[in-house]
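Shown here is one chain on its own, the form predicted on its own, set out as structure tokens.
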Amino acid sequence: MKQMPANQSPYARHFIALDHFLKTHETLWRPIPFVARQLAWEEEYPELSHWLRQQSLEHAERYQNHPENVPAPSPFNQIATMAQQLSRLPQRDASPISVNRFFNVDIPGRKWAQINAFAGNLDFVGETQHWLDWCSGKGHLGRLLGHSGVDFTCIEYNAALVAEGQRLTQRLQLNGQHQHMDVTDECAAEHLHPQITPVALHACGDLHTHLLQLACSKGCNQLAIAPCCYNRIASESYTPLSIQAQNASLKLTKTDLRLPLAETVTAGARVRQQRDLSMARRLGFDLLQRELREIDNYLPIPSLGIEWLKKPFSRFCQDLAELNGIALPAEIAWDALEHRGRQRLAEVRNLELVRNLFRRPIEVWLILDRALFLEEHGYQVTISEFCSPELTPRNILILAERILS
């Protein structure tokens, strides 16, 4: 077992408390209501289970993004309070960066606000000499950071985005370069050295952890990331970065890493309706397949195109049964089964409110792992929320800097 540093930082102590909380209550957040008809914790907390199962789908939707406000029986409130306390991070409120009106042409308002909030919080002690926009897309962040005259480089895998980004940079007459590159290739490391400041706004999973490892090995004096999509990793289980997390009692799977991403703020009414219809139909079919196969286990279903939702429910189930080699009886009460699927969806979404209490604690656990890794490599690190969760739920900024004497 690797040895941890003798002097524990505040982030290390925070991590220990969070690790204990998540490990102690893992029976509440590991089981997935969509997959399991009965959850282990329901026997321990029957009153809470019964109450949640009686609530409507509208009730679950109302509290989806704020489960801590659900007036549910004990121990829901106690757990919600502890989860909030252990997930609380400092909030930053930087002034927007003022640029001319051409900077945000064709950038959706929400995305531009995220970029501006992120860039406005990069208050390094030392002077930045060259920005590196990691997984840059069209390079909106790089251009904003380079608008004051600092050189910048944007690297991106999508060639079309690289070309468009270069066009936008040239139009604004900025001193920036856009390069077509897979950031996981060895040549990406050539862009990193002490005078380069890499930044990554919502780079997914392995893409941002790879950046952290490269930046440390190449001695970058400054870096800033806002992680996203923790489950976008090559392995089936999470490999901690820091010694502290490697020695932790909690071990996370790729499935566990999806939980922090369950909070959404941008989906419109039409998208939510399609999602609910798809889930209700899948759950209706799930009830049917369990009965017919006489196996009380969830049967995984591949991703289905939107055209599946246009089918009558009976045809939806018949086609799924054929895909899975399940013989259907001649007579099935399709209307009753469809109704049961909708009822099951309401139960599932309300039972998920318990899991949702742990979305932010798991995310902060992952963020602290990254911060501790950087501390172990000699960085001074700050973690904060760079914007409101209404702007983006992935609103945590990790700012790291080596203070040079």
Ligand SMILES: C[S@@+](CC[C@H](N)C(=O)[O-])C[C@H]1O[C@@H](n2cnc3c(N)ncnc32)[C@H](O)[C@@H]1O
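In case it trips you up, residue 1 is the first one in the sequence shown, and so on. Everything quoted here is computed from the prediction, not taken from an experiment.
In what follows, reference is made to the form predicted together with this ligand, a form of this protein that is not presented.
Residue in contact with this ligand in the model of the complex (any heavy atom within 4.5 Å), chosen from Leu212, Leu132, Leu201, Leu145: Leu201. Checked against this ligand in the model of the complex, the residues Met181, Leu283, Leu259, Ala72 give one hit for a heavy atom within 4.5 Å, which is Met181.
This ligand in the model of the complex is not approached by Pro240, whose heavy atoms all lie more than 4.5 angstroms from it.
This ligand in the model of the complex comes within 4.5 Å of a heavy atom belonging to Leu207. Proximity of Gln273 to this ligand in the model of the complex falls outside the 4.5 Å heavy atom cutoff. Taking the partner from the other structure, this ligand in the model of the complex has no heavy atom within 4.5 Å of any heavy atom of Ile332. For the three residues Gly165, Gln177 and His191, a heavy atom within 4.5 Å of this ligand turns up in the model of the complex in no case. Only one segment in the set 315 to 323, 155 to 163, 285 to 293, 245 to 253 has residues whose heavy atoms sit within 4.5 Å of this ligand in the model of the complex; it is 155 to 163.
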